[in-house]
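The chain below stands alone and is given in structure tokens; this is the form predicted alone.
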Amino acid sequence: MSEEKKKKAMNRLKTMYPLRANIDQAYERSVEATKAGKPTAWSMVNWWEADPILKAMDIEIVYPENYGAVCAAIGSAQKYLDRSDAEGFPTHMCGYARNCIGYTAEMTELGHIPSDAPMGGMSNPILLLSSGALCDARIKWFQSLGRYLDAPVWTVELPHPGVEESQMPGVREKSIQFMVKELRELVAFLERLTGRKMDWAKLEEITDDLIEINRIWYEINEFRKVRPCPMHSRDFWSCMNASLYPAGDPKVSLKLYRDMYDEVKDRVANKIGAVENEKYRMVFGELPPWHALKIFDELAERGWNFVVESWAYHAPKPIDYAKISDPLERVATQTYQWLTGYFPDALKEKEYMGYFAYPYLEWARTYQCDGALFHPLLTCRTATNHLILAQDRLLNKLHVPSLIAEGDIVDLKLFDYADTMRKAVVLEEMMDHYKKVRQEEGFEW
């Protein structure tokens, strides 16, 4: 299959490229900033709970999870995975954590950033910013880096109420109050660590910019509900980083997202699809195999257009923040809204795994999906434990079949590309069958 045909099958957004480049440049900036004496923090994705605080304190942010995806995508992760294994860490641990530990061990041994590190590498941090949200490995992963780095670990916490519990009187208010208290303690800690005072006006401005970025990013993805879908998951995965890992200048990211909004809106008006001859509208479950993204191109040749993907990496449902004067409360509210925004509708449908499994039901309906490709991550229980439930609900409630393709976000040895493509042919037969079933039962698609 020629490269020319592959490019023709998937119509990439032009505005994706500057957004992708903006993230790549963040690593280079962090290395240069460290050389110039500017403090750098390694931060886990924290869904905007700590990012605006670090940025307002003028601390450069590097994201080891995102760096793991970068290393996997360009084929550089294996030596870091092998080094982590050699250091005695378990091979079944999170691929991002293994990549980070292997990288850090090599950097410490050399006494400087490895010369072949992708995009200039991750510079030495003064702080390891951990998060209590969702993932198993988060706290212990950063604690284990104490073997190599002389940097304190701070963990920002996020309450995780259940679907029913979240709707009880006072739970939302108390959860947000708890988060605000935690964030005030983080500010005080950073002031002691850096010898600087918080610039509250700057924090407010950065917070407002991040809220606006997420509002526009949400609206861009809403456009994908139309037929043909104007934006493929490949562009989503390339562009989500400016929202999810806001290391760069928020105002630059805001402009780039506005440019993307205009391009996607224009595609909708002119009925331009992301995949030529869209035949199957697909949902993708969990993080993609960063080392094998070409699979999306090959499936696009078969008419597969991935129109929506995993809840955890999308912007929160927009709400009104105008009446919230405290910037820390605004920060906490946005993060809490990301976690619980789908809970009220999940409760109405008596779906109690509200923040992982339920959104697939809502999106399969509203994006009118024909099938799903679920990618269970063999080194991540959190990103996997809900997928069989989602598969069951999609089939039994909406007659939407799915394909399970086991793999990993970083370790390419765990993903069977050829087997996944064989299963794709079978799924097409199932999607054709269940499309008739939905029509017979009066579904809208």
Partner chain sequence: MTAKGKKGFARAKELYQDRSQRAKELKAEGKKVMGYFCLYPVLELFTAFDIVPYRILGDMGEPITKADSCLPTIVCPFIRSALDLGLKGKYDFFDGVVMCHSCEVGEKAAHIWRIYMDPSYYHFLDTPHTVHEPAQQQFKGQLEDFQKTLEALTGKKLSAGKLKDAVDICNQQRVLVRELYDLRKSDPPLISGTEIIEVMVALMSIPVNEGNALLKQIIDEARGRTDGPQKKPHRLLLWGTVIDNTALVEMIENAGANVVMDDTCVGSRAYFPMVEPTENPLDGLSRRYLVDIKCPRTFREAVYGDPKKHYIKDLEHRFGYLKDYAREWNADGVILQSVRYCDIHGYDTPGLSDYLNHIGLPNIYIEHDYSEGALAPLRTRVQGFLELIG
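What you are looking at is a predicted structure, and each value in this text was computed from that prediction instead of being measured. The term rigid core refers to the maximal set of C-alpha atoms that superpose within 1.5 Å between the two forms. Positions refer to the first chain, counted from 1.
This next part talks about the form predicted in complex with the partner chain, which is not shown.
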The unique member of Tyr245, Phe374, Trp290, Trp154 whose heavy atoms fall within 4.5 Å of the partner chain in the predicted bound form: Trp154
The listed residue (Ile113, Val187, Leu134, Met119) that reaches within 4.5 Å of the partner chain in the predicted bound form by any heavy atom is Leu134
Site check Glu164, Leu378 and Ile388: each within 4.5 Å of the partner chain in the predicted bound form by heavy atom: yes
For Gln337, is any heavy atom within 4.5 Å of the partner chain in the predicted bound form, or not? no
Please run the contact check for Asp249 against the partner chain in the predicted bound form: heavy atoms, 4.5 angstroms, yes or no? no
At the 4.5 Å heavy atom threshold, is Pro228 in contact with the partner chain in the predicted bound form? no
Counting only non-hydrogen atoms and a 4.5 angstroms cut-off, does Phe89 reach the partner chain in the predicted bound form? yes
Please name which of the stretches 322-330, 258-266, 207-215, 178-186 has residues with heavy atoms lying within 4.5 Å of the partner chain in the predicted bound form. 178-186
Under the 4.5 Å heavy atom criterion, name the residues of 136-162 that approach the partner chain in the predicted bound form, in sequence order. Asp136, Ala137, Ile139, Lys140, Trp141, Gln143, Ser144, Gly146, Arg147, Leu149, Asp150, Ala151, Pro152, Val153, Trp154, Thr155, Glu157, Pro159, His160, Pro161, Gly162
Using a superposition on the rigid core, decide whether the Cα position of Asp150 changes by 2 angstroms or more between this form and the one not shown. yes
Does superposing the core leave His92 with a CA shift of 2 Å or more between this form and the one not shown? yes
Superpose the two forms on their rigid core, then report whether the C-alpha of Gly102 is displaced by 2 angstroms or more between this form and the one not shown. yes
